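Heads up, the chain below is alone and in the form predicted on its own; it's given as structure tokens.
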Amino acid sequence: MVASPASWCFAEGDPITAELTAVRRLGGGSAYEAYLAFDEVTYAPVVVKVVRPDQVADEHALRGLVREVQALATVNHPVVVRGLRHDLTSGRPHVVLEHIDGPRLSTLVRRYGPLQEQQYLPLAIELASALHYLRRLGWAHLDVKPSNVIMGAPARLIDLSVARPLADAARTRLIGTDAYMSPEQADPDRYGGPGPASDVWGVCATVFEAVAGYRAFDGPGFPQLDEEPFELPERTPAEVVKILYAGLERRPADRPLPHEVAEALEPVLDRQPAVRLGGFETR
């Protein structure tokens, strides 16, 4: 039996720090847990990512938090979550992030199935813009997946915990989430080191799931290493089919660049009927 990871067990009203009051737990991983909190500094809701109590002295966990703080300090894009401040030396090492109001893409697909074209086309273009920016900066996110996308206007890419400069990214292996790892993340000896093309794979796998309601690859291990992706629904526009399958090519060099993903999808979005919201037309 696997023991549950240690938790701070903050309940509503408990102080995380003198300035941060817990509202509710949002989730967590092996080394960290995340809470929605009220922040006396910004006087607004925030997300607090705090090292678990049994990991406070663990160098690997602290190194990961330092890396995320560095990524947040470097990246400044409207489609990427912002870091507000951090404390790496207290008894509760943590980073304070902006709170983004909206559901995760993974939750929407699980509850309601595939998205409509008016939803997934802007999503894909917005994520591609973030990846274009990261590539220009010389960084890779390495964990683009539906649960790391908050739906809104614009959508927001969250969780920079494994993001790295490209030179560091190229030396990693098995960093990310199995079902959304590019072939080079899963098997760099065979496909080369991870980089910006790995994020293109991640965004195309993510948008594939938004379009279809199911993953591009499924099954034990890493089926993306040897199997072809599932077919998209017949209703999917041909341009969307073409660019998503191009982004899921096994060889990184065969995939489009992030801006090419956006350029392929923008004409499809332009064909969508306008929707009236509060007296204004939008798409």
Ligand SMILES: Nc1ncnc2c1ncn2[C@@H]1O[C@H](COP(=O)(O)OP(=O)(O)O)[C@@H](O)[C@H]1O
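Small disclaimer: the values here were computed from a predicted structure and weren't measured. For every residue, the number given is its place in the sequence shown, counted from 1.
Beyond what is shown, the protein has a form predicted in complex with the ligand; the following relates to that form.
- None of the heavy atoms of residue 172 is located within 4.5 Å of the ligand in the predicted complex.
- Interface membership of residue 159, defined by any non-hydrogen atom within 4.5 Å of the ligand in the predicted complex, is confirmed.
- Shown alone here, residue 53 lies farther than 4.5 Å from the ligand in the predicted complex, counting heavy atoms only.
- The closest heavy atom approach of residue 98 to the ligand in the predicted complex falls within 4.5 Å.
- For the residues 108, 150, 166, 84, the 4.5 Å heavy atom test against the ligand in the predicted complex is passed only by 150.
- Interface residue among 66, 225, 41, 26 relative to the ligand in the predicted complex, by the heavy atom within 4.5 Å criterion: 26.
- You can rule out all but one of 179 to 187, 194 to 202, 98 to 106, 125 to 133: in the predicted complex, only 98 to 106 has residues with a heavy atom within 4.5 Å of the ligand.
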